[in-house]
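Only one chain is included here, represented as structure tokens and corresponding to the form predicted on its own.
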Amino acid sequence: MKKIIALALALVVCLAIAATACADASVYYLNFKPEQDAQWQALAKVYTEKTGVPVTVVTAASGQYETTLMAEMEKSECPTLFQVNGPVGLANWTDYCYDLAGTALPGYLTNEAFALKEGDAVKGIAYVIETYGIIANTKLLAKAGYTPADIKDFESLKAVAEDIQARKAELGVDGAFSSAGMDGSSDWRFKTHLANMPIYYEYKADGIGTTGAIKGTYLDNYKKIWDLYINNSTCEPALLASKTGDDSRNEFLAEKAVFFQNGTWEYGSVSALGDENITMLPIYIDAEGEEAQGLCTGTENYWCVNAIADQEDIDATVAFLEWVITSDEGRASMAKEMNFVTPFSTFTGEYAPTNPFVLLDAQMTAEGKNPVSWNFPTMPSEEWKNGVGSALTAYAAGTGEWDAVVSAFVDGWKTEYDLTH
């Protein structure tokens, strides 16, 4: 019976594709995630071979998505499928976001909270739920005489990291943390993901979910974790401006660093060390009650269909997305090759998550740890992030003061918020 139902579902999807995609229709996906470019290219090829509908995938360089999207939207052959990061991104692109409420796509979501709405209009749908923290090499931790259980707050993280740094020659590493690279391929980890931590705790303390004027209540805590990263690293702080995401990853893979701030999307790379040798720790910043804190879990990845595209291309794009989340080829690619945790009801059984970082997040939550929400989609603009990133880089290099980071964070927030509202 299950096989009959599966065949019937596949037939319905194929008929829907055939009905909606005309001979001249095409799909152009501007992909946000460079680490999944190869998988999207392969999936596009399979779909075109099956349906005859051309699917082009262009992947923006890391940290350059918004700039690339603006440039591509000005072309005659503009993306039919793109992404926004949440309410702030939607505010910039709402006129380009086709209302998906009348399509089948929202019906596949496991929770309507994963639909990005404007009134009753569904302007985007989340396609991946992600988790990040501090990825740790448990084999190297053990060599230094520690286990992950020894790290339960900022104080213990600091003690372990500084001990490893002091004994790095003995342990055969170059530093406790892989380089906190601040070039465009890496700085998002700190001007966005790490910056989420003081925002999370401020929002939590004030009982809010967004603000037009951040107070910076936890910026001293932000300084503590940033100082820990840059002073216990594989390189001198002054060199961070030129260090890339690849540098940081490769240092961790070469076992020259014990800790590497990143997320579930990196599992495909770090799994080379063996699942038994890797884990993920919460990012501690010396905030009160952080011993009950879990990993950072959320999304800033919402698919949007271009409302200004020709209707046949809109229909073809919707059909492509439906195929991706219902077909064996699409689900296998997203679940097993891209290692995505998706919010779609079709990802069960063999397509359920197997990423150990994802399972660890679920375990921590089941044990009563509080997941850290993703609040960075409320950051007022990309320009704000760049200002914070520049100030962090100058501070690390010794050419700037921490007060400049505070100013970029607090004053810059209000300036950018006022410009966009």
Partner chain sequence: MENAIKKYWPVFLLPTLAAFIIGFIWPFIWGIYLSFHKFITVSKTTFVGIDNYIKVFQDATFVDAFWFTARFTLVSTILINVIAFMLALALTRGLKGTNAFRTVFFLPNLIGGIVLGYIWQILLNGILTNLGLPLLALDAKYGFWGLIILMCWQQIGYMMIIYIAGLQNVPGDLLEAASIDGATSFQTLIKVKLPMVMPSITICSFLTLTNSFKLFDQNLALTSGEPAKQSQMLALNIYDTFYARSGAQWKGIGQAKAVVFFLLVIGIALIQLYFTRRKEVQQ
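Everything quoted here is computed from the prediction, not taken from an experiment. The term rigid core refers to the maximal set of C-alpha atoms that superpose within 1.5 Å between the two forms. Residue numbers count along the first chain shown, from 1.
Quick note: we don't show the form predicted together with the partner chain, though the next part is all about it.
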Only one of 348 to 356, 374 to 382, 51 to 59, 28 to 36 sits within 4.5 Å of the partner chain in the model of the complex by heavy atom distance, namely 374 to 382
Would the partner chain be touched by all three of I308, S390 and T420 in the model of the complex, meaning a heavy atom each within 4.5 Å? yes
Can S242 be called a contact residue for the partner chain in the model of the complex at 4.5 Å between heavy atoms?
yes
ask   = Using 4.5 Å between non-hydrogen atoms, is T67 touching the partner chain in the model of the complex?
value = yes
>> Given that the partner chain is not shown alongside this chain, does A394 nevertheless sit within 4.5 Å of it in the model of the complex, heavy atom to heavy atom?
In response: yes
**Message:** My question is simply whether V88 lines the interface with the partner chain in the model of the complex - judged by any non-hydrogen atom within 4.5 Å.
**Reply:** yes
Note: exactly one of Y127, Y203, W93, W265 sits with a heavy atom within 4.5 Å of the partner chain in the model of the complex, namely W93
Contact with the partner chain in the model of the complex, heavy atom within 4.5 Å, among L273, M73, L281, A332 goes to M73
task = Determine, after fitting the two forms on their core, whether N306 shows a C-alpha shift of 2 Å or more between the shown form and the other one.
result = yes
Worksheet item: Using the core for the fit, does the CA position of D206 change by 2 Å or more between the shown form and the other one?
Response: no
